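Below are two forms of the same protein chain, given as structure tokens: structure 1, then structure 2.
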Structure 1
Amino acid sequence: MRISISDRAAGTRPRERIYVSLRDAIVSTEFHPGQRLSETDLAARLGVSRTPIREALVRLRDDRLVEIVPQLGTYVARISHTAVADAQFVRESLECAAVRIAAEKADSEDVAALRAIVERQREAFRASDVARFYVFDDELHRSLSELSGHGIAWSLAQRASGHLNRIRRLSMTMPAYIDEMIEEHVLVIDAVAAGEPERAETALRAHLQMVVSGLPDIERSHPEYFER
């Protein structure tokens, strides 16, 4: 088995693809919290030397997604409530600021492109393809940030959001969650289409807070994933 390179890493440098691939394996829970990660095994699975694997693991440690224990090894970190709260603060601050500007700048073609992403989300939902839905979810949020002219807002939020994104992935298995997400996306896009920055921000903030509101249920369903 080889770790698949994430769609979001396409076109990036090889070392960046390795980092993104390992990060996505953690966020998607392909690598479970507490699991030991062997540089040799990862290098073999990705078909690379151990050096870029080691570099990627150091970056993942900085992201708080792995713990490197001297003389014992590298382990996937359990989900941290503090890291989730930090990520939520960063993401809300950056994305909500960006969507206000997007609502002022978006034209009809921009709105049509956003609605097309939502339709792809619906198709993935009907096909029960959670992995593809997640890719389109990221695509929509990234597009909203880029419409503001400050695409870096998305990049910065994502770098801080490793633990939050793990919660997002786990939440997608909960009943009715994806259907509710789609409808909230529509509310955000409708506000952007109407050129109403305040309504767009309010709708997006409510949407971003949805996953955190479900955190107690997620933790009850997956207690082994969380720090004790």
Structure 2
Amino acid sequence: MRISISDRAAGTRPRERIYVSLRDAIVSTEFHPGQRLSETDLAARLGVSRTPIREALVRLRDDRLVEIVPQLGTYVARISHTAVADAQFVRESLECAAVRIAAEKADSEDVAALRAIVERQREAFRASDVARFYVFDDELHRSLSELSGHGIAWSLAQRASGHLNRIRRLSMTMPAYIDEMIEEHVLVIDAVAAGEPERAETALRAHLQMVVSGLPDIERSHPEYFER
């Protein structure tokens, strides 16, 4: 088992770096759902002691991304349908509420910034750079939330969306969806630009629901990643 997590998220303080590294490893399914993790092993791999590892694992447990069983082991949580549904609910609720406010507040400069991000997504799509596409996807959703004055919406949704993001990563191999997603982004931004909260929310909700639409396919191709 070869792991390449040590070089990621450099620059931040050790504690945060470790948390981000482990989280990223889990969300990217570099650590497979159901896989057993050993604190000692991770500590040796990341060149630190068990203490900061444990700290990160406790936080990941709060994120429902790992299950810590005393005297037995720590396991990467399998993808759970209810956890996915919960994360979807949280993300929809928070981001839709934020986009309504954003639609009321956004000026032309804000809208231009949003459109610029979508343009960069188009570039990434043309370059077939799926990873880069998702970077700007995050960027766009974060911008929308921050426009509302409640950046917390994005950060909390992100934190609560571990299970959801694993699905997103697993469905990255399907670029068929990507141009559809770009068009959906445009619809959301159009509504924000027009100052129509209702329409913006509807468009964003439809967009967010597309993420989970690929779930059955993923479960078929990776049944061992799922609970029960």
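No experiment lies behind these values; they were computed from the predicted model shown. The first residue in the sequence of structure 1 is number 1, and each one after it adds one. Take the two forms, superpose them, and find the largest set of C-alpha atoms that agree within 1.5 Å; that set is the rigid core.
- prompt: So which is the form predicted in complex with another copy of the chain here, 1 or 2?
  reply: Answer is structure 2, the other one does not fit.
query: Does G151 move its CA by 2 angstroms or more between structure 1 and structure 2 when the core is aligned?
result: Not so; G151 is displaced by less than 2 Å.
query: Any CA movement of 2 Å or more for A203 between structure 1 and structure 2, core superposed?
result: It does not reach a 2 Å shift.
- request: Determine whether the C-alpha of Q88 shifts by 2 Å or more between structure 1 and structure 2 once the rigid core is superposed.
  value: Shift at Q88: below 2 Å after core fit.
query: In Å, how far apart are the CA positions of L72 between structure 1 and structure 2 with the rigid core superposed?
result: That residue's C-alpha sits 4.7 Å away in the other form.
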